[in-house]
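Okay, here we've got a single chain as structure tokens, the form predicted on its own, with questions on binding and movement later.
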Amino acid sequence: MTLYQPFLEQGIEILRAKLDLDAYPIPEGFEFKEAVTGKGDRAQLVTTTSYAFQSEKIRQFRAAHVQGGAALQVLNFVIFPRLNYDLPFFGADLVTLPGGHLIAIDMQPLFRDEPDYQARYSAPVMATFEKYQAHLPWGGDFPEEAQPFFSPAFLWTRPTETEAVETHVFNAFKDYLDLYLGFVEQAQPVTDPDRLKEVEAAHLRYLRYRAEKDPARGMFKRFYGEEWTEAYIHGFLFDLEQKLTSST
């Protein structure tokens, strides 16, 4: 079993226990992809497996699981709420590369500068954030342009020991997901037309930024080529813009 397989399995299990999930369509060619990198004794099979579901309040839950040996393990686990709710996004980027582990878990706010929004969606997470910060120290600076997209409870860390990933990170992932699904359960639809426009704009702002700056782009291009990579990023990982365009 690979490092992040338990995260994937537990995450989907938690979602199934709390939500009435339906399949979310995965475009042809994206559900599974493989390539061989390196030559001779250094040859390594790299696979990318995609999963996606939806529910009454969730537009798209999706996960991308990349497995390429002990030095390349990635799980990107993201929940996008439907556009008639002002819920934050849930995002977990769990990455193991030759240089070590990079972990980012957050409930990424639509409206970071609104005190009422922070009080509803960030303040309740701070105790959990502080609990895990004791074991998972801050991972260092990240780009200033990215900062508006993260909450005060952003768990960003670079564990030096794999055991910390298997224990503290795993528990933090489950706790954050449980808290998020509590928000989903309590969420009421937005009905004000102006606020609905603000919610859609916030979704698009976030997805455009993430699609443009996706740190996995270089890795995917190296393994699977540019055409597949761009189609995967815009047609599955961050597909809202295409979905809105096709529905008009």
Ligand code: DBV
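Counting begins at 1, following the sequence as shown. In this text the structure is predicted, and so the values were computed from the model without any measurement.
The same protein also exists as the form predicted in complex with 15,16-dihydrobiliverdin (DBV); that form is not shown, yet it is the one meant from here on.
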Within 4.5 Å of 15,16-dihydrobiliverdin (DBV) in the predicted complex, all of Pro6, Thr128 and Ala164 (non-hydrogen atom): no
Among the candidate stretches 130 to 138, 148 to 156, 113 to 121, 167 to 175, which one is within 4.5 Å of 15,16-dihydrobiliverdin (DBV) in the predicted complex when only heavy atoms are counted? 148 to 156
Taking 4.5 Å between heavy atoms as the contact cutoff, choose which of Lys57, Arg210, Lys33, His203 touches 15,16-dihydrobiliverdin (DBV) in the predicted complex. Arg210
Verify the contact flag for Pro98: yes if a non-hydrogen atom of it lies within 4.5 Å of a non-hydrogen atom of 15,16-dihydrobiliverdin (DBV) in the predicted complex, no if not. no
Answer for Phe220 alone: is it within 4.5 Å of 15,16-dihydrobiliverdin (DBV) in the predicted complex, judged on heavy atom distances? yes
If we define contact as a non-hydrogen atom of the residue within 4.5 angstroms of the partner, is Asp86 a contact of 15,16-dihydrobiliverdin (DBV) in the predicted complex? no
Using a 4.5 Å heavy atom cut-off, state whether Gly38 contacts 15,16-dihydrobiliverdin (DBV) in the predicted complex. no
Residues in 12 to 42 with any heavy atom within 4.5 Å of 15,16-dihydrobiliverdin (DBV) in the predicted complex: none
